[in-house]
Structures are given as structure tokens and as C-alpha cells.
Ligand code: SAH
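Read the single chain below, which is given as C-alpha cells and is the form predicted alone.
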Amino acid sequence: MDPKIRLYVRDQLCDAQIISLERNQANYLFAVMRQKVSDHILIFNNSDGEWLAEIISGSKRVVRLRCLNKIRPSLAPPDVWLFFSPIKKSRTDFIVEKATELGVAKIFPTHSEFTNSERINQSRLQAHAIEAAEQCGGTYVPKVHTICKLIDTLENWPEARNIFFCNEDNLKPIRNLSSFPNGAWAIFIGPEGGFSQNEKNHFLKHPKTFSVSLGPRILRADTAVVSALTLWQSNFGDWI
């Protein structure tokens, strides 16, 4: 039977490598999924790809695995970063999960003038990114950064990275992005109240900013993330 369980690990993976799982993963395997010694699962990290592994010893607290053979290489996402303003807990979780599934390199919760939530639980959001990668068949987990300030971020912006500015003031629909350059990108999604005028001015004065409309209706922040990433991936990402 093909193994259905996939786990993200931080260890290096190679032929015959022995690794020990974290306690919560051990509990998941033995208490929840009822695995036993000699069963096979799939494991992956961000650099060594996906491997078939055998459980060689274990309990609800400690599990040891042996790498058997490499199933497929690691597939890193395109070089696109996501910046978004945290919203309600469940919807912020949704954003991180869907961004991981759709394919981003880094995730940056961002505090702007109209952001409703000023704090995040970074470790919980990172766990959601890991779970999303495990469930969707991905072999890369994006890093979820601690919350940053929008204006500070824009004032220290790397020169080579383009800005995909989702601007509700831009009423002209984008039918294709053929005039936009290739290369490194970052997508910015505003809070529920939108970006302030001061923040919009910071975006628009930046030479690498490209203002984009997401359609004639005002989208919720979580919907906007999915829409913007889909639009970007279909033009520049690994969907083409």
C-alpha cells in the first residue's frame, strides 16, 4: 500500500539516514494514525526532496525513521513574497495555508495604518504552513516572518524586487501582465480598511511598483490573497 502520511522534517535527508521525529509528530503517528514499527511514511524538507522512510522504533513520545529512497526532488516555489495585514485568527490561518498551497517563498504579516490586529502567533502560523505543505503534496514550507511595519519595509526595499501593489483605487482591469517584468516579486494585500493615502503614496513613488486591480468589487483580504497569487502565478510563476 502506498504511504499516505507526509511529514515535514528539519533534518538532512539522504540514503539510510536515521532521524528522530519531534514529540508532537511521534504522538501523531502512534496515537492518532496508529502507525507501528516497519510501517512506511513520506518525509520531506526544503532542500533534499521527498523520501520514503521506514519506522524503525517508536512510541507516542519518540519515533525513529530510516530513509529508504528518494521519491522526488525538492521543488522550490517561484521567488515571490507575500505581505498581508493580519485579520481575524481563522482568516489569517486561511491566508497562510492558501499562500503555501499556491506557492510563495516567504510570508510577511504586515502592520499598516488600518491593520486591526497588531500581534500574531508566529509559531502557530508557521505550523499552519507546515500542515498545508504536508497536505497539498508540496516539498517546500515558506518561512512565516514576525510582523513588520509597512512604511519601514517600503523605505528599506531591495532595489531588484518588483512590487505587485493590489490597489483598490486602480479601476482599470488588468487583462494580462505581459508588460510587467520577470524577476523577483512581492505581493502586497491591504487590511480590511485598505491602505491609507500616505501608504499608497509610498507605494506609488517607488520605481518598482506596479499597481494592479483585482476587479470591480472590493474583496475580503483572504479572497484578495488567493486572487492576487492566482493572477501572479498564472503569468510569472510555476503554473506556466
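Position 1 is the first residue in the sequence shown; the rest follow in order. What you see is a predicted model; the values in this text were computed from it and never measured.
Keep in mind that the form predicted in complex with the ligand is missing from the display, and what follows is about it.
Asker: Does any part of Asn167 reach within 4.5 Å of the ligand in the predicted complex? Heavy atoms only, please.
Answerer: Because a heavy atom of Asn167 falls inside 4.5 Å of the ligand in the predicted complex, the answer is yes.
Asker: Consider Ser47 of the chain shown here, and say whether it contacts the ligand in the predicted complex, taking contact as heavy atoms within 4.5 Å.
Answerer: Ser47: no contact with the ligand in the predicted complex.
Asker: Is there a heavy atom of Phe188 lying 4.5 Å or less from a heavy atom of the ligand in the predicted complex?
Answerer: Looking in the predicted complex, residue contacts with the ligand include Phe188, since a heavy atom lies within 4.5 Å.
Asker: Although the ligand is absent from this view, report whether Cys67 comes within 4.5 Å of it in the predicted complex, heavy atoms only.
Answerer: Close contact is absent here: in the predicted complex, Cys67 is far from the ligand, nothing within 4.5 Å, heavy atoms only.
Asker: Can you pick the stretch from 54-62, 25-33, 188-196, 39-47 whose heavy atoms fall within 4.5 Å of the ligand in the predicted complex?
Answerer: It is 188-196 that comes within 4.5 Å of the partner.
Asker: Can you list, in sequence order, the residues from 195-218 that come within 4.5 Å of the ligand in the predicted complex, counting heavy atoms only?
Answerer: Phe195, Val212, Ser213, Leu214, Gly215, Arg217, Ile218 sit within 4.5 Å of the partner.
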